[in-house]
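Shown next as structure tokens: one chain only, the form predicted alone.
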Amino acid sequence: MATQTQVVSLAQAENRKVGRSLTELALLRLRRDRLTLAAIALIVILVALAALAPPISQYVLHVDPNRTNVTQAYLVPGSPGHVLGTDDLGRDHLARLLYAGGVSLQIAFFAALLSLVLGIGVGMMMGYFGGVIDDGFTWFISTLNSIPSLFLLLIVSAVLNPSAQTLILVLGLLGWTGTARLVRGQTLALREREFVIGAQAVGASSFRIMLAHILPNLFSIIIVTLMLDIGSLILVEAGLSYLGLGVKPPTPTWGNMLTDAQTYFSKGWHLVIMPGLLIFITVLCLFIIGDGLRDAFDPTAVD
């Protein structure tokens, strides 16, 4: 009797699974993935703190992040009125970190979003139309990828002022090629599916087919790519700041704070530790989220 009950329960569970969409199955898998949920929670906290940096500095910390006071330079963490100490100019380190987080996350997010939009648009056109369009964009992507990115960034830095807006445009315009190739491959497979062929048979336009039938099936790839790109671009921004190509002080970013602090590590060790730790935690969480979403949206995964 117990065996029959178990068989019936398994059959009912399988029927419920078959009736669920990929998104519903993905959400169920995410609910069981505690590591990914913890990473999402930590990222939400970091983003909220960065977004609320002005009121936190004014009403909680009671400091001005841009106010200098050389008499209070290099205060260690735990000093009265300065939870994480001060920098070489006596500015509150915690307030600067909060503001810097907002700038770094904005650069990474909007640059990743720009590259994602370009990559999806170009990739879908390459995969759906093929022919001359596919060959032309393939040649352009291969040519662009053959030029060292650092060389292009040096040229841009020499011509333009490396502000946050400039970095967003440059990183977004240079980072879409990998996404385009990935989307192209997926579109090539999707355009042969029955629902696309059926839409073509009833006279749907190419734009409508790509927007209503192909794009929704790229959702999982889009989310995973966005998370991974944001994490990668945070590291890129830090690397550019180290080379002097990033956002210039006094505008704080985690990258330029880390770069500036290396010159006086012996006087203020905390000025190096905290920006580096925040970069490490943020990038690690984003990569964990991207990996967890990829597993959750895997249609071949066995629950």
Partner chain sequence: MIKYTIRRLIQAIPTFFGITMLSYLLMTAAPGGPTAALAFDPRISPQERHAMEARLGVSDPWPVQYLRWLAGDDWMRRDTDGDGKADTCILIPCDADGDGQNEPAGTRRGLLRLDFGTSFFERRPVTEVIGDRVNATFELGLSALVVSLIVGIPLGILAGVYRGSLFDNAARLVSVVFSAVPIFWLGLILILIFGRWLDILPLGGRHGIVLTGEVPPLYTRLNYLILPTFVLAANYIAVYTRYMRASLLDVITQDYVRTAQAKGLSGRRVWFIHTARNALIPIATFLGPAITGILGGAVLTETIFSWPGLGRTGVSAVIQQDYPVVMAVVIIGAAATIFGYIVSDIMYALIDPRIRFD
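Numbering follows the first chain given and starts at 1. These figures come from a predicted structure and were not determined experimentally.
Just so it is clear, the following notes concern the form predicted in complex with the partner chain, a form of the same protein that is not shown.
Only one segment in the set 117 to 125, 100 to 108, 75 to 83, 136 to 144 has any non-hydrogen atom within 4.5 angstroms of the partner chain in the predicted bound form, and it is 136 to 144. The closest non-hydrogen atom of residue 50 lies beyond 4.5 Å of the partner chain in the predicted bound form.
The partner chain is not drawn, but in the predicted bound form it has no heavy atom within 4.5 Å of residue 201. With a 4.5 Å cutoff on heavy atoms, residue 262 counts as touching the partner chain in the predicted bound form. Remark: residue 131 does not count among the residues lining the partner chain in the predicted bound form, judged by a heavy atom distance of 4.5 Å or less.
Of the residues 113, 154, 169, 215, just one reaches the partner chain in the predicted bound form with a heavy atom at 4.5 Å or closer; this is 154. Shown without its partner, this chain lists 46, 61, 272, 30 as candidates; in the predicted bound form, only 272 has a non-hydrogen atom within 4.5 angstroms of the partner chain. Residues 242, 277 and 280 are all found to lie within 4.5 Å of the partner chain in the predicted bound form, as judged by heavy atom distances.
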